[in-house]
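One chain follows as structure tokens, the form predicted alone.
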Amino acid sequence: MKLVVIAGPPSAGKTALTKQIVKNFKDKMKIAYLKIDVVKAYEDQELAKDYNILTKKIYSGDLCPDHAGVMVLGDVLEWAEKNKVDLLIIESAGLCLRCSPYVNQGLGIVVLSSISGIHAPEKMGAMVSLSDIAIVTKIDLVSQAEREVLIQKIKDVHPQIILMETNALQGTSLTYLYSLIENSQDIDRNNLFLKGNPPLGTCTICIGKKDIGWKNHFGVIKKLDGQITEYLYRGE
């Protein structure tokens, strides 16, 4: 089974890209799709209706959506294997810029909108720096100069990344992506790990404490005047 993990900020074009991938492979491979979101999602229903593929979704609720994705990945792989799936596509909620949903096998794709601003890649941390492929969408809405600056910013963050530009609604210029997916290695479920390090730990905010100010909290905390990489640990 091949695995594709698609991440990127909301409204970047993740689902539009997913539809193009499904449309290209639906007659060649048995496809399954998982959508991870926080409160509400309809993408699974659309894909099941339009392309008759297997779909599931999970709402993370109070849990970080990327954490929820890691928690359920084992179950999803079992479900896909039981159904003899050839290609499993996982679409993240794309909300957490500290975490990364990518694993050490398959392909990790980050979808970036060309209208999100030229500094967007620098703000997205591991979502960009740990991906294998960057797909820049909505290229018809900005000038060539803006696109080139955005492309260079992505390369600055991740020099080895494979870059493509597309209008995802029409599916232009995605032939190379399809080739990469088709030629990707099947995953070995017993040796599947996160590509990046998870966040440093849990704090009292994570478990629901509403008090304001670091002095009222325990765990991994941060002061306003601390260095960017300086964290403090308080309590047990």
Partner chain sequence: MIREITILPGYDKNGAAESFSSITLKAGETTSIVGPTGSGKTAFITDIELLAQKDTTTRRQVLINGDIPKDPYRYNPSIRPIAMITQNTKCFADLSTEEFLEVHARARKIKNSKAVITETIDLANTFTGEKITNISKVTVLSGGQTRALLIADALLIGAAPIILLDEIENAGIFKQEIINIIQKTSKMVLFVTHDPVIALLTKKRIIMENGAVKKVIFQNETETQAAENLLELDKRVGILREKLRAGYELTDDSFRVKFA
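Residue numbers count along the first chain shown, from 1. Not measured: the values here are computed from a predicted model.
What comes next is about the form predicted in complex with its partner chain, which is not displayed.
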query: 4.5 angstroms heavy atom contact with its partner chain in the predicted bound form for residue 86; finding: no
query: Close approach of residue 71 to its partner chain in the predicted bound form, 4.5 Å, heavy atom; finding: no
query: Interface membership of residue 119, its partner chain in the predicted bound form, 4.5 Å heavy atom rule; finding: yes
query: Proximity of residue 98 to its partner chain in the predicted bound form, heavy atoms at 4.5 Å; finding: no
query: Segment assignment from 61 to 69, 184 to 192, 37 to 45, 164 to 172: heavy atom within 4.5 Å of its partner chain in the predicted bound form; finding: 164 to 172
query: Residues of stretch 15 to 45 in contact with its partner chain in the predicted bound form (4.5 Å, non-hydrogen atom); finding: none
